[in-house]
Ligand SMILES: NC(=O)c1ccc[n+]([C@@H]2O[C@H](COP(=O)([O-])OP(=O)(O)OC[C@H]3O[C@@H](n4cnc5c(N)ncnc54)[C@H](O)[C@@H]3O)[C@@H](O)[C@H]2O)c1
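First, one chain by itself in structure tokens, the form predicted on its own.
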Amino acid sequence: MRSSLLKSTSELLRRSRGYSSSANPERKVAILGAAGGIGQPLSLLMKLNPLVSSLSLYDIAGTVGVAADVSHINTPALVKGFMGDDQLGEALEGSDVVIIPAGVPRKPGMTRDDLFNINAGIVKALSTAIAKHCPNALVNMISNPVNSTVPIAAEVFKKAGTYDEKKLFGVTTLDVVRAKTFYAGKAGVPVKDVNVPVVGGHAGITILPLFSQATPASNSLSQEDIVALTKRTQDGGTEVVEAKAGKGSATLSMAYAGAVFADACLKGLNGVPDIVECSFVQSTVTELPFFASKVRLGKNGVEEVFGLGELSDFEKKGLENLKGELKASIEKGIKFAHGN
């Protein structure tokens, strides 16, 4: 039973994008915040990923135990735990992909913006270390608010002279995961066949699922259904926070989404063709400097940023409505990076 679960989980992460395990280069993945609510399940999922040869787990405390636990899983990735500021450099050295779920979680009544002051400082410090110890790594930013933390990291990297816009990603995959799940349930189609682009940002109304472009298309959904699905996708994080009644946020689904996006990055690095995911990246798709849309991943990170395609009238309105809030969040991150 355990063997079959391991195989099926690994297969899920592969997502049928055909690779040969014997031909894969060695890849080191570092998780910063590995002992936290997202970090622990994310560490488990990355240990199961056959593309990972070395897994570096870092946090301010508790990492040694997490690393020992995860290291007992019978998959090839070698696991090491690192703790505290003095071990951060060693944790990062030689990393191909750095995933950052570090920070405090959301609590009832807390907006993503409320997280800013604490998480912004954490992200700034970690980004400074990345610039020094693994400047060529692909950086997957999970720490909220992503709409601000990605610009913070960009400014830190610019100051260090290491910024490459192709290698910095805001992980918005959870919005896509939710949109797929909610759409499949409402349309009555198999969720494994569903794809829904989600654009904009990664908070509230800045999250814009493009259900008009969902595949397989469904004629059974009314405009009211689309409006309700859009709102549920935007409020997915709040739904979980409230359901956990103050005892947590979306940690398990976020860990899964983070593992899916990291898997896509690794496949792109390894030269697997046609790896396309949505992500919050430096962009010229709109007038905003950062924007989430579909991107093609390759050996250098972002190989292509795709446009939005044809939008419904409802989506066009949503796009215009989100720009002001997203612009303010981006500017807040840039200001923090320069002012603190």
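Note that residue numbering begins at 1 and tracks the sequence as displayed. Since the model is a prediction, treat every value here as computed from it, not as a measurement.
We do not show the form predicted in complex with the ligand, though everything after this point is about it.
Per the 4.5 Å heavy atom criterion, the ligand in the predicted complex is contacted by stretch 249-257, the sole one of 212-220, 156-164, 185-193, 249-257. Comment: the ligand is not present in this chain, but in the predicted complex one of 208, 98, 146, 265 has a heavy atom within 4.5 Å of it, namely 146. Contact annotation: of the candidates 177, 134, 269, 115, the single residue with a non-hydrogen atom within 4.5 angstroms of the ligand in the predicted complex is 115. At a distance threshold of 4.5 angstroms between non-hydrogen atoms, residue 94 is out of contact with the ligand in the predicted complex.
Using a 4.5 angstroms limit between non-hydrogen atoms, residue 301 is distant from the ligand in the predicted complex.
For residue 79, no non-hydrogen atom is located within 4.5 Å of the ligand in the predicted complex, even though that partner is not displayed. Using a 4.5 Å cutoff between non-hydrogen atoms, residue 230 does not count as a contact of the ligand in the predicted complex. Applying a 4.5 Å heavy atom cutoff to the ligand in the predicted complex picks out 119, 122, 126, 142, 143, 144, 146 from 116-148, in order along the sequence.
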